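Just the one chain here, the form predicted alone, laid out as structure tokens.
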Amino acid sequence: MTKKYAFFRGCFVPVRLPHIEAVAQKVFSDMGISLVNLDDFTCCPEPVGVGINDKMTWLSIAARNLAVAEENGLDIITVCNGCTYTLRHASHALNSNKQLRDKVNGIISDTGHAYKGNAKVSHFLEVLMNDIGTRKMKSAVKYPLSKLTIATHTGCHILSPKEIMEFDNPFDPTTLDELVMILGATPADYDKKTLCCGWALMTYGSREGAYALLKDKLGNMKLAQADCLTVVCPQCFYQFDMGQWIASRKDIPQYNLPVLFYLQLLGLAMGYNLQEIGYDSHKVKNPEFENKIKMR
């Protein structure tokens, strides 16, 4: 029986990275998971720009999104670390504080929704690991990526605080490395692996500081002889892809390190080609990486 999830696409993916949405639908359908689009979803909302500035608005919008999934009898799957962070933090806060939950429900009452606390929120990696399982993932790999050394970047929002996110070790994350090995590839062992991608700094702070972060991260990945890097968050993707492309115009080396969302790598291992995973829309491309994919 096909399991169904409410597909929380967020706002960043549909607007800036629609190919990630498309590949998610393909991969999960092939794996026996149905992603249901609910038109009533809005922005999660974003945890830095909204969450830090207006906590009650942040909680109220998140509660309404959770209520929409509840009313459809579905748990939520996300393809974004920030969306996972917002929705899971909101759920934790509202479930542990009835007074706060009543206040928030009062705020969203005019939308016709009420948060009850029934919808579970899962990042897509958790669905891969817990619903599909590593055995089924391994059996889906038809073209192992054995020629690739891949630098992994798990990102910040999915890791902490551990007691709420309950995902991996925030100081030494290994889950994404393990999932890369399932595809037949070799994870790159590089310095500054847990360093932030710098997207929030690029968006809300110092762009020069963000470029410095990129230089440190990408430089260490290249030293580890990575053919590409993989991420599980659209903001991280955008920072390493678009950010790397922009930074190459400045006094920063041109690393030409392709960035792939993990679901794109999984799709390649399952037999999709580069066009089918949306590689053509990437800013950073590398012929050597492309040849290794064609030879897989």
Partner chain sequence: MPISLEYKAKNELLQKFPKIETCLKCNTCALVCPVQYAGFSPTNTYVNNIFSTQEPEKNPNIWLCASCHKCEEICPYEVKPLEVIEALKDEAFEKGYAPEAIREEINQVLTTGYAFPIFQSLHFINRERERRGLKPLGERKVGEIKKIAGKTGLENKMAGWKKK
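Residue numbers count along the first chain shown, from 1. What you see is a predicted model; the values in this text were computed from it and never measured.
Form predicted in complex with the partner chain: not shown, discussed below.
Is it the case that G49, even though its partner is missing from this view, gets within 4.5 Å of the partner chain in the predicted complex, heavy atoms only? It does: once the partner chain is placed as it appears in the predicted complex, G49 has a heavy atom within 4.5 Å of it.
Within 4.5 Å, heavy atoms only: does K162 come near the partner chain in the predicted complex? K162: yes, in contact with the partner chain in the predicted complex.
Is I182 a contact residue for the partner chain in the predicted complex, using a 4.5 Å heavy atom cut-off? Taking the distances in the predicted complex, the answer for I182 is no, it never comes within 4.5 Å of the partner chain.
Is there a non-hydrogen atom of D110 within 4.5 angstroms of a non-hydrogen atom of the partner chain in the predicted complex? D110 belongs to the contact set for the partner chain.
Interface segment, criterion being heavy atoms within 4.5 Å of the partner chain in the predicted complex, picked from 72-80, 138-146, 187-195, 121-129: Of the options, only 187-195 has residues within 4.5 Å of the partner.
Thinking of S34, C228 and P287 as the candidate spot, does the partner chain come within 4.5 Å of a heavy atom on all of them in the predicted complex? No: none of S34, C228 and P287 comes within 4.5 Å of the partner chain in the predicted complex.
Which listed residue (L100, A114, A212, A224) meets the criterion of a heavy atom within 4.5 Å of the partner chain in the predicted complex? Among L100, A114, A212, A224, a heavy atom within 4.5 Å of the partner chain in the predicted complex occurs only for A212.
Here the chain is shown alone; which of L263, I61, A269, L257 has a heavy atom within 4.5 Å of the partner chain in the predicted complex? Contact with the partner chain in the predicted complex is made by I61 alone.
Only counting heavy atoms and a 4.5 Å limit, does any residue of 15-36 reach the partner chain in the predicted complex, and if so which ones? Sequence-ordered list: V15, R16, P18, H19, E21, A22.
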